[in-house]
Structures are given as C-alpha cells and as structure tokens.
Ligand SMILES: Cc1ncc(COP(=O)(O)O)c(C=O)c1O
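Just the one chain here, laid out as structure tokens, in the form predicted on its own.
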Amino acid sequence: MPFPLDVPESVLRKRRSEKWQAYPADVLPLFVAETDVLLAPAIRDRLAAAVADGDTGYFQEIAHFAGVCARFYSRFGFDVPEESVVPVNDVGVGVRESLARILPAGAPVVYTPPVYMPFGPWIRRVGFSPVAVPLIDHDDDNPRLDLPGIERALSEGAKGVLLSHPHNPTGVLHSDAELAELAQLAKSYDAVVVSDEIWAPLTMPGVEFRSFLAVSETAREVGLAVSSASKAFNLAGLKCAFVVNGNPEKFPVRRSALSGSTGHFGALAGEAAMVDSVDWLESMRAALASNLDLMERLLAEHLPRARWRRPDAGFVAWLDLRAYPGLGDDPAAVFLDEGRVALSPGPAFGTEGKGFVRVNFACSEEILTEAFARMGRVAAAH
C-alpha cells in the first residue's frame, strides 16, 4: 500500500471529520474531498509545538504568511509578488469576497458545469446571478471551456467568470491557449476572472500546472487566483487559504479587510506544508497515481461499461455510468442504498452530471478495492 495512503480503516474510523462521521460505520466513504492520510511530519510537529506552547491565539503574521504563499505559488508559472497575496479564511471566502468587492451589484457571473457544487450558491450568496456555460465534452477525453458560449454570456452582460482550474470534478487542466483566450475575452468585455486553483499542488507525476495568472499579462490584468494547502495536505478544518490578486491597483481585495478571519493554526500548518513538506507532497502525488492505476484495473473488472478520463490533477475521478441505465440518473444513491458506498452524486454538479458519480480515490488500496467490488455487485444486480 503506497505511503501516505496507508492508514488503516480502524484508525480512520476514529476521526470526527465529515468524511468519517456523515454515514454509518458499514458505509465506505469516497465522497467529500478529505484524504485518508496522517499529517506530514513537519505539519504535525509544528501544530504539536503550538499546542504545547499554548500558542492558540489570533492570526497575526499576515505579511510573513503572504510571503510564504507567494514563494510557493511562484512554482506555477510566474513570479508572484508578495504584496499581491491576501490570506483568507478558506477558498470559498476568497472567491465570494473577490467577486463581491469587484463586480457591480447584481451582475451575472459565468461558471462551467459540471463543476464543484457550491459555485452556483457562492455566486448567489453575494448577490450575483449564476450563468451556466457547460464544458464541452465533459464526458470525453478532452473536456474544454466553451469559449464562444462564454463570449455570448459576456456580450449579454456577464461581468465575471468563476473558473475551476484544475477542474473539479473532471480533473482536467485547462490549456494555456484556452486560458489566454478567456483572458482576452474578459478584457474585451471589462470582466473579471476568479480562478479557484485549490487543486494546483496535486497534479499527477509528469503533469505541470500553470495558474490562470501565468498565461499572459492580460490574464493578470483581469484575474485573481484563489488557492490553499488544504486539499494537498488535508488541512481543510484549519481554515486558511489565500488570494493572489493579479491586479492590486485595480481590484480592491485588501489584506486589511480579509485576513482577520484566517485561522492561526491554518497559517502555521500552511507554512509547514508549503516550506517543509514538499517531499511528502511528492509521495502523495505518487500514491494517487498508483491508485489511479489500481482504479483502472478495478473498473475493468467490476464496472467494464463505465467511461472515464484519468484526471490530470486532484484525487477525484468523474465516472460516466450511463451505460448502466438501471442505476438511473443518480447512481450514487443506488450505490449507497444497496452497496454501502458513499460517492458524490453526479447531478449535484449540474444537470450534466446525470448518470455520473464523483469518486474520491485518496484512500487505501484495500478500501478502494472493496468499494469497487461492492459497486460492481450493485451494477450487476441492475
């Protein structure tokens, strides 16, 4: 079993986080985007020292942590200025506050389903109107942005584009050419692109991620990127993320307004992750790639009619189960009821997700193998 996805289920069952508490003990949880790992040693030791010292107060080292984030994010295609980084509570806060502080009231905002379930609600929560422009061929080998569709939405009044890059749930990296054209469209229509890049550190071995802000000067003129160590290092509960503001002179997203809600433990853990745990991250990427190889074999054995595309990044896979019509529009519901496997329902990502499920494969080989065996039995029964 590859490190660090070698944590026994008996240990995981003691956790009180959502993944291991949302369902009864007979359910295998492959849904919410938590990983079944122990903390990287540098993170564990840094948090343990803070607890031992009683260092449990408010987050203060804003400029220092911004510098940490800037140096880490500079690996993704451009030299990030420290002054452009704004620490925030989490990626959702960064996205919502960026939109709210930049766009005119009530403006339409484009998003690209099937996509991370909160995108539409995030847009509505800050008073804007979500405009769905679905990916082209999300169910094929080459998912891509519908750039003509996005241009139509911009020409009809949309003032923002909320991008998922790497894309959740398909795992695709949008190409530099797509992103550069998107940036040019945004500039032409005086729009803003906010790029959720939380999965950036988790590319598969041999795959290079480039931030939206790295593809052109124009992208930096019109864009902001939001990211975190939370997905890569399993730190979601510690509440810490950051915004990289491509155009601080134009976009009023300021540290003074947003950094107060950042978690102190999140910042301590984030620094230990981004500075001292890069080798651990390489092990994690290799383990995820190994699990993708395993999942390819498991699909061939248990769900041979399923279609999928190996993700370029992240630890979720988008499975097309429409060739099993007996599973209906929401196969996840059937797998949960009859197989006791919890997956993310495809329809939650948009109507394009009917007949799909999202699988979190950041788990042990044993759990993954048992989950697919159960799913195969359910599919065969239908």
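In case it trips you up, residue 1 is the first one in the sequence shown, and so on. Please read all numbers here as calculations on a predicted model, not as lab measurements.
Not on display, but discussed next: the form predicted together with the ligand.
- The partner is absent here, but in the predicted complex a heavy atom of Trp122, alone among Phe265, Trp308, Trp122, Phe76, sits within 4.5 Å of the ligand.
- With the partner omitted here, the residue from Val253, Ile198, Leu173, Leu135 that has a non-hydrogen atom within 4.5 angstroms of the ligand in the predicted complex is Ile198.
- Although the partner is absent here, Ser164 is a contact residue: one of its heavy atoms lies within 4.5 angstroms of the ligand in the predicted complex.
- The ligand in the predicted complex comes within 4.5 Å of a heavy atom belonging to Val91.
- Residue contact check for Ala317: none of its heavy atoms lie within 4.5 Å of the ligand in the predicted complex.
- Using a 4.5 angstroms threshold between heavy atoms, Tyr116 counts as touching the ligand in the predicted complex.
- The candidate stretches are 198 to 206, 293 to 301, 180 to 188, 213 to 221, and the one lying within 4.5 Å of the ligand in the predicted complex by heavy atoms is 198 to 206.
- Using a 4.5 Å cut-off to the ligand in the predicted complex, not one of Thr35, Ala232 and Arg285 places a heavy atom inside that distance.
- In this stretch, 166 to 180, the one residue having a heavy atom within 4.5 Å of the ligand in the predicted complex is Asn168; the partner itself is omitted from this view.
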